[in-house]
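Only one chain comes next, encoded as structure tokens, the form predicted alone.
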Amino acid sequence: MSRRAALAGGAATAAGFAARRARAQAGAPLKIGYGLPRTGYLGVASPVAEQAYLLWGEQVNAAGGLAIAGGGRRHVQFVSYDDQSEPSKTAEIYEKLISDDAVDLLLAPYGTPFHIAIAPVIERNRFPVVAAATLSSLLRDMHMRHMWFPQPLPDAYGVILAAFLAAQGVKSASLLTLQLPASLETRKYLLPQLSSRGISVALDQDYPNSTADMTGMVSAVRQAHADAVICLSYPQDSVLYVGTARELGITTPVQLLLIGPGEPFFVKKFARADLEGILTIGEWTPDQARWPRARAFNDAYVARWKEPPDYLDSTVSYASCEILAQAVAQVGLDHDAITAAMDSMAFDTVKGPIKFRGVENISTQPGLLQFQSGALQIVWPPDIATARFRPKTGWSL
């Protein structure tokens, strides 16, 4: 970065600090900013994150505002923009939120490419962000200092998925991978784990985000005759896979989709028989007794939005707000103090207790969910499971 850009950035940061201090002195609402893809290819999926943010904000304001160390409470006011599913726009939005809107706090964008896009912005501005709907070991390995990850990372899911497959006696797997960061990173860590457990890869094919027809790929899956199908997908292509697998009658007993099956829009597209037996990543249900606040969050979300939360992205988005709020209650709004608090505090969330080491959550165990009788249950690992795995047996046709 040039000296001129650095000076400009420093001036903008100073101006933003002055604006935030003036609002605090006036008792004005606390401005919290974020950008999400309301349109574009992720527009159909992102409401689960934004609805979690809005629910949290409404609950905070109903309780009298966000508690601030040494400063009472202030109501929260969201400042948000549509990034149109374009990471470059997300970076511009977060620059604007910091410099022009002078927000007090930031919430995370939706999706791994968008977290990657804002990383230089928040690091340059030393502005803390608790990540939400993202899977990225890359960001951890970039030695981020101002972003933390409540969700387990792709290497952890690679380990847990391979262990699950081995426990089911799987000897071979077909792999379909979307060419986007979360999927590619998960594949990177999954492949050596499969090899170490003696599970062969019968098919290994990736596909671009523009894919609108999976007939050829799913036909190849059928011809491979593997014991498991692992489709490292995002929400829209998860829908595409299920529709195609149903049409082609894929009978593989283990079928997993990376991201999307817990989304309400996904569930509404298929009959219960189509969903039955489908696996996805995730380690939360409202029925897990060891997280006593999980049911209350689920019920509040359903009451507010007339649909269930996504067990992956809604819960981590809400938890990211809880983490930020608990840090602010402990140390106030100074960004350096919040950063230090993230390194030292333990947080109580709807996903259970969370403690960070560096940027990584060291408390939450990664897991796998499965549709059973119309509901998602944790089926792996056994110590947090709410049900036993059931092989997929058919489709609605």
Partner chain sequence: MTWQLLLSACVSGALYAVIALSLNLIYGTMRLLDVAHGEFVMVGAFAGYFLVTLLGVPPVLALLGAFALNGLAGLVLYQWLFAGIIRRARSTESLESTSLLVFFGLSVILQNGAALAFGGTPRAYERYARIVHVGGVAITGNRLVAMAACVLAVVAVLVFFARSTWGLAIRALIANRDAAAIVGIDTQAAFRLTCVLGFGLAGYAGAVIGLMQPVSPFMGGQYLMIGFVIIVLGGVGKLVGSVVGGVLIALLETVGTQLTGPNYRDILIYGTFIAVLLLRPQGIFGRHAA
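As the structure is a computational prediction, the values presented were derived from the model and not from experiment. Rigid core: the largest C-alpha set superposing within 1.5 Å between the two forms. Residue numbers count along the first chain shown, from 1.
Separately, the form predicted in complex with its partner chain exists; it is not shown, and the next lines address it.
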Note to self: Give me the residue from A69, L54, V44, A28 that has a heavy atom within 4.5 Å of its partner chain in the model of the complex.
What the structure shows: V44
Margin query: So its partner chain isn't shown here. In the model of the complex, which residue out of P208, G169, G198, P292 has a non-hydrogen atom within 4.5 Å of it?
Written below: P208
Check: its partner chain isn't shown here, but in the model of the complex, which of 60 to 68, 368 to 376, 32 to 40, 331 to 339 has heavy atoms within 4.5 Å of it?
Finding: 32 to 40
Check: So in the model of the complex, does any heavy atom of D101 sit within 4.5 Å of its partner chain?
Finding: no
Checklist line | 4.5 Å heavy atom contact, R246 to its partner chain in the model of the complex | finding: yes
Check: With a 4.5 Å heavy atom cut-off, would you call P192 a contact of its partner chain in the model of the complex?
Finding: no
Next item on the list: Report whether the minimum heavy atom distance between E307 and its partner chain in the model of the complex is within 4.5 Å.
Entry: yes
Notebook entry, point to check: in the model of the complex, which residues of 200 to 232 put a heavy atom within 4.5 Å of its partner chain?
Noted result: Q205, D206, Y207, P208, S210, T211, A212, D213, T215, G216, M217, S219, R222, Q223
Notebook entry, point to check: Any CA movement of 2 Å or more for V79 between the shown form and the other one, core superposed?
Noted result: no
Margin query: Quick check: S210 between the shown form and the other one - does its CA shift reach 2 Å or more after fitting the rigid core?
Written below: yes
Next item on the list: Kindly check if the Cα atom of S219 is displaced 2 angstroms or more between the shown form and the other one relative to the superposed rigid core.
Entry: yes
